[in-house]
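Starting off, we have a lone chain in the form predicted alone, written out as structure tokens.
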């Protein structure tokens, strides 16, 4: 079914009759298509479900194009980012094209479905702004972190699950809760992998989040448990290109404070709560999505 989603995405871009847009779209690195998988598991493979999945993935791709410009990212999933290869202006405009096309196709779906997705995109944009503002200084507030990752990442996953349920008359509230928790857990694990995985596996430099000013959950747990002296050392490394000794120090302190395991436990708790929300629903394989997204290599 994901092949049909890919074909629909391409057809939607091609319908704009812009050869350059199609050419650039082919160069956008493909991800896990988590949101599409979620929609198709909940709503099946009807024409509307496939359309919804393709729209949400176009919107997600657009957000990543803008995100790479904001972060000055040179790679995306191990490939050159669009902004690195063709410049920021091209990446921003391609993102705008995908956003706009996604929204125009969204108007053809039921009103409540269209509202759910479009409202999530507004939240996503607010989350991007929060991310930029939180990156200005070291953030030691967990509530601010969770608010930001909810808006930036989880809101669209939440809307994917909710809108899929709306399409087929299922209880949209419990599927929204499932999607929200899945999105939060997914982002926490991404933040963990930035620390624990090699640059080769990540497709980008490891420990890159801290260099970019992102105080993710493992750093928050570590900071809480460090001595005042070590807290000052950590702050001195914020937004800095780290040498090998500094990287080793961070990883050693992560281990000493158990920050990685604490973060993983939070992700697993959220995953369990997601499954608990839909425990009385028909089993359509949503547990496998939780497992796939959370139990990645650490």
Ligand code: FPP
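Residue numbers count along the first chain shown, from 1. In this text, all values refer to a predicted model and were calculated from it rather than measured experimentally.
As for the form predicted in complex with the ligand, it is not shown, yet the points below apply to it.
**OP:** Spot the stretch among 82-90, 117-125, 139-147, 224-232 with residues whose non-hydrogen atoms come within 4.5 Å of the ligand in the predicted complex.
**Re:** Heavy atoms within 4.5 Å of the ligand in the predicted complex occur in 117-125.
Original post:
Should the three residues 72, 206 and 239 be counted as contacting the ligand in the predicted complex, with contact defined as a heavy atom within 4.5 Å for each?
Top reply: The answer is no; none of 72, 206 and 239 reaches the ligand.
Subject >> Residue contact check: residue 187 to the ligand in the predicted complex, 4.5 Å heavy atom >> reply: Yes - in the predicted complex, heavy atoms of residue 187 and the ligand come within 4.5 Å of each other.
**OP:** State yes or no: in the predicted complex, is some non-hydrogen atom of residue 214 no more than 4.5 angstroms from a non-hydrogen atom of the ligand?
**Re:** Within the cut-off, so yes.
Original post:
Counting only non-hydrogen atoms and a 4.5 angstroms cut-off, does residue 260 reach the ligand in the predicted complex?
Top reply: Looking in the predicted complex, residue contacts with the ligand do not include residue 260, since no heavy atom lies within 4.5 Å.
Original post:
Looking in the predicted complex, any heavy atom of residue 64 within 4.5 Å of the ligand?
Top reply: Yes, contact at 4.5 Å.
**OP:** Only one of 180, 101, 170, 152 comes within 4.5 Å of the ligand in the predicted complex by heavy atoms, so just point that one out.
**Re:** Comparing distances to the ligand in the predicted complex, the residue within 4.5 Å is 152.
Original post:
Using a 4.5 Å cut on heavy atoms, which of 43, 53, 59, 267 is close to the ligand in the predicted complex?
Top reply: Spelling it out, the residue with a heavy atom inside the cut-off is 59.
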